[in-house]
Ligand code: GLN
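In the form predicted alone, a lone chain appears below as structure tokens.
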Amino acid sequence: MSKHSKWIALALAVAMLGTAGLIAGCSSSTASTPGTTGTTPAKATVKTVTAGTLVAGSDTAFPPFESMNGNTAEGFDVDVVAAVAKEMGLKSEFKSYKFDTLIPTLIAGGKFDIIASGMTINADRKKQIDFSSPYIDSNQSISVTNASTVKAAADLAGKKIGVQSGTTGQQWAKENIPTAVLVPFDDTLSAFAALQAGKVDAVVNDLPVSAAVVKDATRGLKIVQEIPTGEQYGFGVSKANPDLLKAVDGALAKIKSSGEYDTIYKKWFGVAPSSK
């Protein structure tokens, strides 16, 4: 090979190496770009007020859903939340609040993670917070003393009706018995105590709770009308915490499919849940 040919071959080799380096450089740059194929997205984390614990805010004077046994909360909601939390790998805890303060306290943040308080899912509340999938159905009811002559809503015109502040029972009474005098109470048990004491003529309240209260014969109370409202309860979750809502819904679905939900339901209501 002549000297001239050697120089041409050397120049070609250098050019080929430069091109290969350029191609390799471009390939490396593409692979390291965030968000391209091959990167692993970070897993979403569930935020709770207290690490390792699902804290529920609740009006704990609403048996059989929640009530206090000494310093311990117990009831249907309490057991369901415990089962949901366990499914999520968390412990559970209940904190007591007045019912009509639960939504604003949840929105403010920092006190509890979910509302578990026999709360009906409705359009007004959904504007403020998110709800889990429904976990139980409910209607309204009218309760009176055994000695009362009241037999239905029509008999309550001009009479005093005990209601719990901020509830769908209060709203129903306001809309359907407009001439009645509504007497609001902080909790349902206080409304029933007033009924027993003769301070109100009736109590309009969620049927499952009223049924649990009048079951105690020593109270001398009865339900005279079931009001079909087609309500459903859900657990309230802040709109700022969608990952928690997803986790709660997933756990709720699992305890229903496993049969654990049915066991809890039968424990507190004495029968299996409706299959409808």
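Throughout, we count residues from 1 along the sequence that is shown. From a predicted model like this one, the values you see are computed outputs, not experimental measurements.
The discussion below concerns the form predicted in complex with the ligand, not included here.
Heavy atoms within 4.5 Å of the ligand in the predicted bound form are found in one stretch of 145-153, 82-90, 192-200, 165-173, which is 165-173. In the predicted bound form, the ligand sits within 4.5 Å of a heavy atom belonging to M119. Proximity of F99 to the ligand in the predicted bound form: non-hydrogen atoms within 4.5 Å are present. In the predicted bound form, the ligand sits within 4.5 Å of a heavy atom of R125. Residues of 77-91 are not found to place any heavy atom within 4.5 Å of the ligand in the predicted bound form.
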